[in-house]
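The data below hold one chain only, encoded as structure tokens and taken in the form predicted on its own.
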Amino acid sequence: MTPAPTGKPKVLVIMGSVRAGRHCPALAAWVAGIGQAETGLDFELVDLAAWPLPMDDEPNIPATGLYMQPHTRKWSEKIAEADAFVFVSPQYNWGYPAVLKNAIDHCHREWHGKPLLIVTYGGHGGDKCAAQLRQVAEGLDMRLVPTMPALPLARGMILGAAITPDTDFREQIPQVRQGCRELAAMAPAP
């Protein structure tokens, strides 16, 4: 793993939702801001809406690393350049969104050995989403950050009301900070 051009390890903050009216961009930016301030690492937002990855359009399984489609090769390069990851994901129907699973499944070796912080949100904070993501990350030999912040959404937020992360998730800020510090401790030294 090589540090980002800034000399700092690069952390990709991957937004786990592309749904209309989603809170993911605001929450991912908030988490990245906390991470940047807390650790000084280079945090970059990755919006899966900007990465069209059609399902099952590769002739080979990802474990081979033989990608034929240009979009898969670009995604592989993006993931390979990262030193660590943060998944910011809503909990949908007691699990995580298909778009995030599809993005994860487009690659294989690119994830191995890299630290991962999982931040979830939902009506109950997203603990089932986090548990499923944890299982997938373990299968990919990622190094999981022990702290997994869960951001509980009030019913109005679930139905589309605006959020103000610093206010609405004030109680979870210490967990997000702790998770970012743990991620930094696991990232390669600059």
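Model, not experiment: these values are computed from the prediction. Quick note: we count residues from 1 along the sequence shown, nothing fancier.
One more form of this protein, predicted in complex with a further copy of the same chain, exists but is not displayed; see below.
Asks: K78, A150 and T167: each with a heavy atom within 4.5 Å of a further copy of the same chain in the model of the complex?
Replies: No: none of K78, A150 and T167 comes within 4.5 Å of a further copy of the same chain in the model of the complex.
Asks: Taking a further copy of the same chain as it sits in the model of the complex, is T39 near enough to touch it, meaning that at least one heavy atom pair lies within 4.5 angstroms?
Replies: Taking the distances in the model of the complex, the answer for T39 is no, it never comes within 4.5 Å of a further copy of the same chain.
Asks: Using a 4.5 angstroms cut-off on non-hydrogen atoms, would E138 count as touching a further copy of the same chain in the model of the complex?
Replies: Looking in the model of the complex, residue contacts with a further copy of the same chain include E138, since a heavy atom lies within 4.5 Å.
Asks: Indicate whether a further copy of the same chain has at least one heavy atom within 4.5 Å of a heavy atom of M55 in the model of the complex.
Replies: Result yes; M55 sits at the interface with a further copy of the same chain in the model of the complex.
Asks: Quick one: is A162 in contact with a further copy of the same chain in the model of the complex, heavy atoms, 4.5 Å cut-off?
Replies: Looking in the model of the complex, residue contacts with a further copy of the same chain do not include A162, since no heavy atom lies within 4.5 Å.
Asks: Residues in which of 117 to 125, 142 to 150, 28 to 36, 57 to 65 have heavy atoms within 4.5 Å of a further copy of the same chain in the model of the complex?
Replies: Of the stretches listed, the one contacting the partner is 57 to 65.
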